[in-house]
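Below sits a lone chain in structure tokens, taken as the form predicted on its own.
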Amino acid sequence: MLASRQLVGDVSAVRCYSPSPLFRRKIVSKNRANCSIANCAYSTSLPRNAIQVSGVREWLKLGDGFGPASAFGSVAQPGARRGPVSHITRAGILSIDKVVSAEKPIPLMLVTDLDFTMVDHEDKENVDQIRFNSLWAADYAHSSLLVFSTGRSPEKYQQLRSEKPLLTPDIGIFSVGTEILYGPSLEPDVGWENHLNDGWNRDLVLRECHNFPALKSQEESEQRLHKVSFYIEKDLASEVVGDLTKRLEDLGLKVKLIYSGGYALDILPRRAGKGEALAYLLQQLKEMKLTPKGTLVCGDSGNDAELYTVEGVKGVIVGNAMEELLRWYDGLQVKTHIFMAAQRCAGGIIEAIEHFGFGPYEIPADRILELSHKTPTPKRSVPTRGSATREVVEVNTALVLWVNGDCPNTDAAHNRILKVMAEDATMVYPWGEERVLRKSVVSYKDKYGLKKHARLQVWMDCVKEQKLADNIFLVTWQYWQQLTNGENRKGYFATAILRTKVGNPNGLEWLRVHETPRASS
């Protein structure tokens, strides 16, 4: 529900907490330099079994343990797929057990890069990202897994959360596949950390790097337990990477060097990487007999190429993909598992969900608009798994459409909200006032188009559904609202109790809502 006294009565403005602004650093630009990768060798002669990305070589020697092949199979040459995963001892509860239940199947595991894949830094209003958020909250969050796979450190990820409408992933793969963190609290997978220790000596890597004056350390947040990061001028990179690689190999270290953007150099354990981390997660799910029915990987640049090589995945290359990834795709021998989207970023991800038939792809706002001209004849009159979360998302979406003036000003549009409220339903608002819910909704009718000029955005996060009795459902969620320019962001915790009512959309009616303001992002 929209937590604003302006919308439910003529009373003084509600005081809510906004997240503290974090230090903003421009880490992406409209015209990004091409990303290039050098893995273990950087030579002028390209080996037969190498992949060339954006003019720089990624040497993936197959079959003898050199490069990522020693961890989970191979990041193979064009056309090949990553092989089966070796067993890795997990570290108790600090593993995927934290975010999945052995009682529920997983229809979809969606694994996506962030910058210019999920997040479109050229879209100041985040239109497609908001649309993806509502689709995921309505139809997938209750049963599927969302995984962010990014080169960002956890700190830089939190910075992005303060700037863009990001959902909370079930799992985060951070720092170029060197860290796997679980849940909202970002608990580390100690088993993965131990796995990366093979052939890795951070102190020794740093000691050797100090012998190269051209390497300039990146900021402290980018220096991780299994990642050492530097800046280096482009014209010096080839010689430095080649010499440094040889010296590290001579010391018996098992490393990979990733040079990207024409200026950044990351040194990682050979077992690290986006693809290796995903293969590790899928192996854990397989051991739990919870292999997802479908896995969709999403990317835009050469750094994401490794994701598409993991065995059994489907992939989407978003419409704004960089030339380096497109050239890599053109060189593939087998590419039927990869979809080339027409839409940018999150819009392309939605396209891929439809293309591969993973599940619903119609955005809740589109469903609401379709029914706003007529009295709905519900297709789902009896609640099923996920009906309660879908109902909560659809009603909140209908409210936003109404106050923004984006739906017709008709009784049918307003009744999508009013008619699902039980006669005795109540709501406790964030400022501590309890009201009859139907009266509040009736008052909304006069607020049509109130935010037409200062438009409102809302996205729901961490949506969970629980069946309390045969006909009673509990839904909890968090949501954020802000103006389309990103200003005046406020967050809330919310709880709703619903019960079955045949004939209503989603077969449910609302009994009780309780909202509490949250202090930060």
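For clarity, every value in this text was computed on a predicted model and none was experimentally measured. Counting begins at 1, following the sequence as shown. Definition used throughout: the rigid core is the maximal C-alpha set that superposes within 1.5 Å between two forms.
Not pictured, yet referred to below: the form predicted together with ligand GLC.
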| item | value |
| --- | --- |
| Answer option from Arg416, Arg152, Arg390, His195, heavy atom within 4.5 Å of ligand GLC in the predicted complex | Arg152 |
| The unique member of Ser260, Thr397, Thr295, Thr245 whose heavy atoms fall within 4.5 Å of ligand GLC in the predicted complex | Ser260 |
| Which of 224-232, 205-213, 281-289, 416-424 sits within 4.5 Å of ligand GLC in the predicted complex, heavy atom basis | 224-232 |
| Triple contact flag Gln129, Leu166 and Gln343 to ligand GLC in the predicted complex, non-hydrogen atom at 4.5 angstroms | no |
| 4.5 Å heavy atom contact, Asn320 and ligand GLC in the predicted complex | no |
| Lys451, heavy atom within 4.5 angstroms of ligand GLC in the predicted complex | no |
| 4.5 angstroms heavy atom contact with ligand GLC in the predicted complex for Asp266 | yes |
| Heavy atom of Asn303 within 4.5 Å of ligand GLC in the predicted complex | yes |
| Ile267 C-alpha shift between the shown form and the other one of 2 Å or more, rigid core reference | yes |
| Is_shifted Arg152 between the shown form and the other one (CA, 2 Å cut-off, rigid core) | no |
| Residue shift check between the shown form and the other one, rigid core fit, Leu135 Cα at least 2 Å | no |
